[in-house]
Each structure stands twice: as C-alpha cells, then as structure tokens.
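Before any questions on how it binds or moves, here is one chain, the form predicted on its own, in structure tokens.
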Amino acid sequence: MSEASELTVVKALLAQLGTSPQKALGQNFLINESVIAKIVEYFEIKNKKVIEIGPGLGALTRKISLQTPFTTLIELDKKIISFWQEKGYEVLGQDALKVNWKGFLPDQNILISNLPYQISAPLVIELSVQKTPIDKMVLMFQKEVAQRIQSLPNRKSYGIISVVAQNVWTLKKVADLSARDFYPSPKVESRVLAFEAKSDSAWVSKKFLTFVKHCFQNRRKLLLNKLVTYAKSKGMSKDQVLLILASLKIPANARAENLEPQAYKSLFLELNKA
C-alpha cells in the first residue's frame, strides 16, 4: 500500500466514523507505508504479546495483526474504541499514563506506538522507573524529544530523561519522518526510537528519578552542592561525598550536564548504601 492509498484509507475511515482528527488527543495518523513496516518489523513479534497506544485508524494495528493475535489497544477516543471493539480487539479505554501495566500483562511484552506527542516524554519516564513487564518498545516521538532521550552529556538537550532512559534501555534510531508522513501534517518533525530493556536495570526506581531531578536543579551550578544536600538527608557529610566523587573519578567541580548516565547510577547506589 502506498502513502497515497494509506491516506485514502484514513480519510474513508474518518468519514465512516463521522469524525475528524482530534487535536486534543494528538491524532496525527501515520501514512508512510515504509515507516509503518519498519516500526512493526523492528522486533520479532510473531505470536508475541503486543500493546499499542493510540491505534487510531490502524496503520500499525493492521500490520501487527498479520503477525500476532495477541494485541491489546489503549485508546481514549470513544468512537475509535468502539471501532476496534467491534473488530474483536481488546481495548483499554484509559489514559496510558495511568495504566496499571502489571495488572493485565504477562511477562515480556512489546509496546508499539505512534505516541500522542503530549504524553511521550512522561510515558518514557514512567515506563523506565516502574517495574513493568514491557521489555521492548518501538515509539514515535517529536524529533526534539527523541533527541533529548538519546542525548549525550555536555549538550543543551541532555537532561533528566536522557539519564533515566539510558540507564534502563538500549536505544536505537529506527527512522526520521517529516510532516508529510502524517495526516493531518504536524508542525514538527518526528523520530522513531527502539528501546530494549537492559538486563541490569532492576535497580532503577522512582527514588532514582527523584535523585536525578534533584541533581539537575540549577544544572549550570556545581553538582557537589546538590549532592551534599542529598547526602545530608542520608546522614552523610560533605567529606563523605567528596570521597565518593574521588572513588568514582568524578571531578568535584563537575556540573550535572557533565556526567555520563552510568555515573548517575554509581553515585545513586553509593549514596544509598546505608
């Protein structure tokens, strides 16, 4: 199916449902067939459990269903919920940021989504610090958000989501997209990222997220001051913090944006030994 014919399908289904793309729900329907194939085929999904957030009119859903019958959709648009339920799909009519992932999923699940952009960054954070049975994801982002997730230290784009995501997932770029790859066309460029859970990421928690947020307050100032404040809440002194920094070969004059994601892991674990 070409881009033109995918667009024809989208318009025909919208007419059938008597609706139009809902801006409030971030509905920009993917119509680039080659990118659709890349997303669905990046991981082996044959007969595996797949979750899709925001299936919309099914550009990804139809491809997924050719390979596995074990698909759960998460959707907020009532007309689209009815559309997929009538086709026999399991649909959770919930906000993806409020889903109890452990409550309905077996182990080892793959999440695939052309994400509504307004939930993309919070969702990555949430799925990184929760203990969920999702171990692989292929997700669409506004390109700027994807760049923040992938960012390296000493860049303006490097921050909390970079540190948290890179401690939990191995990340790969799948594809970059332009506005014309969607209907309606968004005002931003997009990027698809693949996430594969690291085997040694079980230590990551909401406490780690709180720690990283604390470190990135006043990111241009010395990190030492933030670490000392954090350490005091653990009953540790500034001298103990300096010893930890020295043992990890982290300069005492480092700023939050200078440290590799792995360094935050080491700091967090050292400061929480007691």
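These numbers come from a predicted model, not from an experiment. Counting begins at 1, following the sequence as shown.
The next section is about a form of this same protein that is not shown, the form predicted together with ligand SAM.
Only one of Val204, Ala96, Ile110, Val91 lies close to ligand SAM in the predicted complex, with a heavy atom inside 4.5 Å, and it is Ala96. None of Ile160, Leu177, Leu127, Ile119 but one reaches within 4.5 angstroms of ligand SAM in the predicted complex through a heavy atom, and that residue is Ile119.
Of the heavy atoms in Ile80, some are within 4.5 Å of ligand SAM in the predicted complex. A residue is said to contact a partner when one of its heavy atoms sits within 4.5 Å of a partner heavy atom; Leu25 meets this definition for ligand SAM in the predicted complex. Leu115 belongs to the set of residues with a heavy atom inside 4.5 Å of ligand SAM in the predicted complex. Using a 4.5 angstroms limit between non-hydrogen atoms, Ile51 is distant from ligand SAM in the predicted complex.
Screening 56 to 64, 218 to 226, 40 to 48, 241 to 249 for residues having heavy atoms within 4.5 Å of ligand SAM in the predicted complex returns a single hit, 56 to 64.
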